[in-house]
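Here you get one chain, nothing else, as C-alpha cells; it is the form predicted on its own.
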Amino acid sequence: MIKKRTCFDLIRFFILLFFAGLFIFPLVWIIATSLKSEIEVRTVFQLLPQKALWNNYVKAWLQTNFSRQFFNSFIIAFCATTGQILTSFLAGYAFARFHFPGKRIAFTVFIATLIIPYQLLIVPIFMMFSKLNLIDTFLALILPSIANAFGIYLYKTHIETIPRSLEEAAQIDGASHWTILWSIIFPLSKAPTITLFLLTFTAEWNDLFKPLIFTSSEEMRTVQLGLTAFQETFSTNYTLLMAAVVFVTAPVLLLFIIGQKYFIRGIAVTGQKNQ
C-alpha cells in the first residue's frame, strides 16, 4: 500500500513539474531573448544567449518614456484597485448582513453583469466621458473600474463566514455599524482584500484596451502602450521589446509572489458553503 501511494505521489510530482515547466518556459525565453543581440535572435536558434547584453535594458528604458508610463500605469492601477476594494467591501457587507426588499434579485443582477463584455459598453461610456470632457484624463481610465461584481461576491461570501457573535458583542459594547465595519469586519477580511487587490491591480496594469480608447496624448500613455514603440511598420526589435516586457512584467510578478498565500486563501473562501 505504501509503495502504491509512493508511486502515485511520484507520478503526481512529475505531472506538476511538467506543467510548471510549461508555464515557466515563456518567462525564461523572454529573459533570454532580452539579453541577446538582434542578429543572434534572427540567425541562431538556441535558448540561452552566447553573451549576455545587459545594456539592452538601458536601451529599452531610454527608447520610450518608461518613467512617465510607469507612473501613469501605477496611478491608474492603484486608484482603480483601491476604489474597487472600497465599493466591493461596502456592497458585500450590505448583501451579507442586511435584509432589504429585492436583495436576492439585486445580487443576481450584479452577478449577471459579469457575463457582459466590457467592449459592449465602450461606446456609451466614451460618449458620456466625451460630454464630461474626461477623455485623455486619469478619471476616464479609473472610473470604469472602481466597481466590480466579482469583488462584491468575494466579500459577501467571506463576510458570511464571519460569526455574527463578534458583531453582536461589539454592539453590546456600544459600537456602531461603521465602527464594526472598519474595526472588526475589514481587518478579518485580509484574504479577500489581498486577492481582489492582486487580481484588479494586475488587470489594470496589463490593460491595453481602455488606454487605447480613452487617451491620445504621449503624457497619458501607459506601459502597455509603451511596448508599441518597439514595433515598427515592417520590423520589430525583439531584444529591446523583450527587455521592455521584463520591465512591465516584474511589478505584477513581484506582487503575486508576495501575496500568493492570501490569494490562494481568498479564492478558497469563495468555494465555501454559506452558513
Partner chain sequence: MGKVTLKNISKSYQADKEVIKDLDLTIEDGEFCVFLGPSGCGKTTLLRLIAGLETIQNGDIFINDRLINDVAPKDRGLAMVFQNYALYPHKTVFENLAFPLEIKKTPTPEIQKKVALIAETLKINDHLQSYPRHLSGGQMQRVAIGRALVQQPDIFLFDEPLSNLDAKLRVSMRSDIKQLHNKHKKTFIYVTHDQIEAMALADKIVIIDQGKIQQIGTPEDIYHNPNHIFTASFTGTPSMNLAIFPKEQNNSHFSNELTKQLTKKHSELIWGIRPEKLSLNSEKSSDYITGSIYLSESRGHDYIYYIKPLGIDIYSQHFTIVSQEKIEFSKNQNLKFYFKQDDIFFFGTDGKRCQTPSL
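Numbering follows the first chain given and starts at 1. All figures in this text were calculated on a predicted structure; none of them were measured in a lab.
Beyond what is shown, the protein has a form predicted in complex with its partner chain; the following relates to that form.
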query	finding
Contacting member of 124, 102, 117, 163, with respect to its partner chain in the predicted bound form [4.5 Å, heavy atom]	163
Its partner chain: the contacting residue among 79, 143, 170, 134 in the predicted bound form [heavy atom, 4.5 Å]	170
Residue 75: touches its partner chain in the predicted bound form, heavy atom cutoff 4.5 angstroms	no
Contact label in the predicted bound form: residue 203 to its partner chain, heavy atom within 4.5 Å	no
Residue 175, heavy atom within 4.5 angstroms of its partner chain in the predicted bound form	yes
4.5 Å heavy atom contact, residue 183 to its partner chain in the predicted bound form	yes
Per-stretch contact check against its partner chain in the predicted bound form, the hit in 108 to 116, 79 to 87, 94 to 102, 184 to 192 (non-hydrogen atom, 4.5 angstroms)	184 to 192
